[in-house]
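There is one chain below, alone, in structure tokens, taken in the form predicted alone.
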Amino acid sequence: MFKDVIVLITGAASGIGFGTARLFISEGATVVGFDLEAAALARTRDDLGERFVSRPGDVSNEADIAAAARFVEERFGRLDTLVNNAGRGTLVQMEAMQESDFYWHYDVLVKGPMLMVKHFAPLLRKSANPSILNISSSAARVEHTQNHFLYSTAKAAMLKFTQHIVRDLPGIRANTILPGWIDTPIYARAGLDEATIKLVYEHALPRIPAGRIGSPEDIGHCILFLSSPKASYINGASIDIHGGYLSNADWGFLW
């Protein structure tokens, strides 16, 4: 379905980004992986093959993004799908917050996607089926987690940003996906050890009607559908993928 399609995924070297890249490539696409971790990108290239094109860069750095846009234009001449997936988060006590905590979250989770859209919109306009997927989080809808306000408010901003893309960039479809509990490295990067992550999953699992923690591919399959011509009339949607988790009143924290 995606033969000759050009996709750019931020945060492509792990988690949802990696799982989505693998699905796109299995369907014939070429994926440009944009990630801060150059070594992880190289390993991903070894795993996924020649149709994974690694492009190290920082989504919070406009010069890196502009250089990536020039690279895609020179090599491919267009972009068909942009997946704003790169993310990070940690828990911060509100009264102990430092200004650096704010920028640590918002530079990657909000500024990054906005700059990606700014620089890649001209290349998306050259596509016959241009699509932007912004990866938010079920945390954007949940307010029951202590010390989680920076991550969750940044992810909520992605919902509003998607609406503005739809209005301001007609002809380019934009949709938001809000993952629930997905097994990715973000929890470890937030400082949780393996034992704590296991306990958190065990606490969450009884509250997930689907009966399991989600996989990156659970999100990736939806990204592929929304990027395809079959979704040509889906624009400005926000899609929750959480196995039914938010149908329960007894929520816990989410990334």
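All values derive from a computational prediction rather than experimental measurement. Each residue number is its position in the shown sequence, starting from 1.
In what follows, reference is made to the form predicted in complex with a small molecule, a form of this protein that is not presented.
Contact with the small molecule, judged by heavy atoms within 4.5 Å in the predicted bound form, is confined among 69-77, 92-100, 118-126, 151-159 to 151-159.
The small molecule in the predicted bound form is not approached by residue 243, whose heavy atoms all lie more than 4.5 angstroms from it. Contact annotation: residue 57 falls within 4.5 Å of the small molecule in the predicted bound form, judged by heavy atom distances. At least one heavy atom of residue 184 is located within 4.5 Å of the small molecule in the predicted bound form. The small molecule in the predicted bound form is approached by residue 37, whose closest heavy atom lies within 4.5 angstroms of it. The partner is absent here; in the predicted bound form, the one residue of 51, 189, 221, 43 having a heavy atom within 4.5 Å of the small molecule is 189.
Although the partner is absent from the chain shown here, none of 132, 165 and 226 has a heavy atom within 4.5 Å of the small molecule in the predicted bound form.
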